[in-house]
Ligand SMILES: C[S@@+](CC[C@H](N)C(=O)[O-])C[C@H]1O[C@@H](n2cnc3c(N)ncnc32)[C@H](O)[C@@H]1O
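So this first bit is one chain, no partners, the form predicted on its own, shown in structure tokens.
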Amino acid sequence: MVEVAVEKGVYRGLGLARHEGQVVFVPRGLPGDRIRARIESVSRGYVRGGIETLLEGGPGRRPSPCPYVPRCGGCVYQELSYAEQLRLKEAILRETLVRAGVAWEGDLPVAGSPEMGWRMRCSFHAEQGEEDLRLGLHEEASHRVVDLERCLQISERMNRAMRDLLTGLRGRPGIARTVRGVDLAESLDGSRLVACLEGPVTAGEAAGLAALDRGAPGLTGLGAMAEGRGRRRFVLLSGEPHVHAEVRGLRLRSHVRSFFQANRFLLGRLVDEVVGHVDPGGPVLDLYAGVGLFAIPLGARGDRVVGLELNATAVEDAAHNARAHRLEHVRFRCADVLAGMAQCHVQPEERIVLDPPRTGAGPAVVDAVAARRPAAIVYVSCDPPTLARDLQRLRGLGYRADAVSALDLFPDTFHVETIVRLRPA
């Protein structure tokens, strides 16, 4: 055991402390905490310690509003007041930008969100326990599932549907053993709710799950990912697979299997920030375009947009959204980003919107983007470390950040959404 004081928070919900000069990372350690920690692992340059006893809480430490903390790994900041969460995320983001060579001197407040019911999309894991099926999120640093009666991140309607589906699956143990998870997607206005069952389910087993919707009256659609002939495909079991959201007066359709931003309260603000960072006039290349969350509003503003997206289901949604708003000058291609860029001619005054997955764009994509010499790059990221890596590379390729904004799309978690605009130096 060692007694340490947490100096600051670092990414992934860790507190950084020191003991006799040695760096100690403490999961769920908050700035100002005084902790008696047990050493759990030793690595070169640092050790990792778990909280054995909280001797004194730092500023803003609170009793968690969620009864599953700290066992559930879904929310690492539930024990920190929301105002302090936003300050902590700003500090972590600033330090990350400095490491990337972006010494941002201006204001960088993280725009906040209501803490409860913010998720429109979520994925719950299923696990067959010794006595019954469990449905929920993983324990921290484990693949064991915490069975959740209620998750504070989602709406009451989604919570009811989750429990109704679990009850239905428990009544079909033979089929339920093949289910590995449940994805839920809700419309922004709460009018639609669709579930998709995940797992190595055969087409025959999927058909046997169709009756689950009768026990979950809140669902407007139910589907499953079925396996057969070496490939996985979505099978609609009942209802309709799409939900909708309206942003900037534009109605956007998204399939339960399409990626879409999760925070219902900050969705419009996110789109406003990205569109506002893209100067009007000239062509736009939207990479990782999804269902057209940014491309459709940019097109509605009058920009010519080409969106590249690898997920065919999302491309179908995006094309539908462009047709619905009669945006003939907005086109989408189902393609890997690198291959798709190679097929798109470089145009004068091109602007690029880059919204990669959590793993970031990576060196190959960053190099290909910079090689096009766009007039501006608007990088959207939910992961500060991969953002820092890619910004550092873009800096070496001659691009400098001239605008940064941040949104707390993921309250109580360690994620933070950042929008950075870069121009040629």
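The first residue of the sequence shown is number 1, and the count goes up from there. Small disclaimer: the values here were computed from a predicted structure and weren't measured.
One more form of this protein exists, namely the form predicted together with the ligand; it is left out here, but the text below deals with it.
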Heavy atom of Gln261 within 4.5 Å of the ligand in the predicted bound form: yes
The ligand contact at Gly290 in the predicted bound form, heavy atom, 4.5 Å: yes
The ligand contact in the predicted bound form: Glu79, any heavy atom under 4.5 Å: no
Contact flag, Gly398 vs the ligand in the predicted bound form, heavy atom cut 4.5 Å: no
Segment that reaches the ligand in the predicted bound form - one of 148-156, 164-172, 212-220, 306-314, heavy atoms within 4.5 Å: 306-314
In the predicted bound form, the residue from Cys72, Ala245, Leu88, Val337 that sits within 4.5 Å of the ligand by heavy atoms: Val337
Listed residue (Pro67, Pro59, Pro363, Pro357) with a non-hydrogen atom within 4.5 angstroms of the ligand in the predicted bound form: Pro357
